[in-house]
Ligand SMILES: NC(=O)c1ccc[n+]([C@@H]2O[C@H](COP(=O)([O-])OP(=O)(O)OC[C@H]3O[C@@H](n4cnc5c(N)ncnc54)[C@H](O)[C@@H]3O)[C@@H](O)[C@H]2O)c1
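As a starting point, one isolated chain is supplied in structure tokens, in the form predicted alone.
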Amino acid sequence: MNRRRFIASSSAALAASLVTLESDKLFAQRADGKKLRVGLVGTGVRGISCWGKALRDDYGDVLEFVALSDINPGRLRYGREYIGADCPVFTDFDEMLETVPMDFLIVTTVDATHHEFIVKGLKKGLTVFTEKPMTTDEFKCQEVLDAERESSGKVIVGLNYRYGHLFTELKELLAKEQIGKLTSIDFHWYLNTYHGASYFRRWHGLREKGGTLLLHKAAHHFDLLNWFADSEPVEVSAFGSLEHYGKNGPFRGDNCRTCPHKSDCKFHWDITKNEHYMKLYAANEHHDGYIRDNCLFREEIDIFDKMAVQIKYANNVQVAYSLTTYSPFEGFRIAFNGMDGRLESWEGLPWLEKQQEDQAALHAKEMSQSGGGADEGRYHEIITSMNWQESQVRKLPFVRGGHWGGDPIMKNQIFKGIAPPKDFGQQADVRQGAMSVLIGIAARRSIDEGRIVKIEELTDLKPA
């Protein structure tokens, strides 16, 4: 083992040991048989399913919901029933924190409000889990950083792609320097006209709510890049525009249910066929005005639907990244260039797939909490091409459900203290959460201002 590999493996071991120590601290109360007392703020579909019902069903032996909070009283009542939680509910989050003792707070609200609940939870000394992105601008990011420094509590960020089987395999090969010293990464993500379009139908289509898809969606990808590069970003340059959805549409309506263009719009989505969404959203939109089947061609949409980002890292790795939101297929291409060769993988490219999947069903499969089992007869492929040698193809069992099988591994680590089978420091802390969003924030500023943006301009964090 050479010096670089020794340092890399030692760093991973140290990160793992720190996570274990934090887990020991978090679960110390179990010594006398007590369950982890959990509060949840944000009872949208992600909150009540992945972080609600799925937790109660799968981890009810080690945790219990002691309180739920949301600004929408109707969603709150339905959420408690759907989760099966026997606990008080609050439309006033501050009242919940003041009146209900808890150990662990889960934040699954609109992205732009994450920081508010994270900071308040930290001031109470809680361990706070937040869905990605941790927040949506540099000022809120600094608030979270400052709050954790002053708190006995800690932040865990739900960057679950790190736990996925395919991505963990790629990380392991990079850690072993399979292709020599890593020099650059090419990463291109394609959202199809079902999944991609859905963001423009929801609150994510407004910059003030989601910070653009450079935050809400790409935070996943930027975190993977940080993890793969084993470094932190130094500067970012980006291009982006809105040219397919929003004001570019040929027509628009109030929502899909009442739209006069149902027969003409290829993007028409019938929410009435989904009983769960009708009960959670449509039945409660009169409380706060949130329309779940909003028109994706409405004039107010102000986010980008195509994005290209260049990133330079502190260790001189450079990245070319892109995100497209109206592709005919859902998938990605990723390639790692090293001094001695190239490592690459892909998913969802129809001309390379022997088994075709229904594009409308792909996102549901990724978001499912079914346990992330392998699809029989299907494989992920990893291609290794060494200089002056023939390319080699390595096949892994194909796992798409539960974010490439990562969700149950992440939850086991958080709620049972069980490290991933291959532990490369997957659990994301506040600094890693910050670095994943700071790339998106810098990219957004680069597009708006037409210049290269340095990460150290944004917060007091200095890239390492």
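This one's a predicted model, so the numbers in the text were calculated from it and none came from an experiment. Start at 1 with the first residue shown and count on from there.
Keep in mind the form predicted together with this ligand is missing from the figure; the text below concerns it.
Though this ligand is absent from this view, in the model of the complex it lies within 4.5 Å of a heavy atom of just one residue from 187, 346, 117, 313, which is 117.
Just one of 108, 168, 127, 325 comes within 4.5 Å of this ligand in the model of the complex, counting any heavy atom, and that one is 108. The putative spot formed by 139, 212 and 444 is not touched by this ligand in the model of the complex; no residue has a non-hydrogen atom within 4.5 angstroms of it. This chain is displayed without this ligand, yet in the model of the complex the stretch 288 to 296 from 227 to 235, 97 to 105, 385 to 393, 288 to 296 comes within 4.5 Å of it by heavy atoms. In the model of the complex, this ligand lies within 4.5 Å of some heavy atom of residue 220.
Although the partner is absent here, residue 203 lies within 4.5 Å of this ligand in the model of the complex, judged by heavy atoms. Taking the partner from the other structure, this ligand in the model of the complex has no heavy atom within 4.5 Å of any heavy atom of residue 68.
At a distance threshold of 4.5 angstroms between non-hydrogen atoms, residue 45 is in contact with this ligand in the model of the complex.
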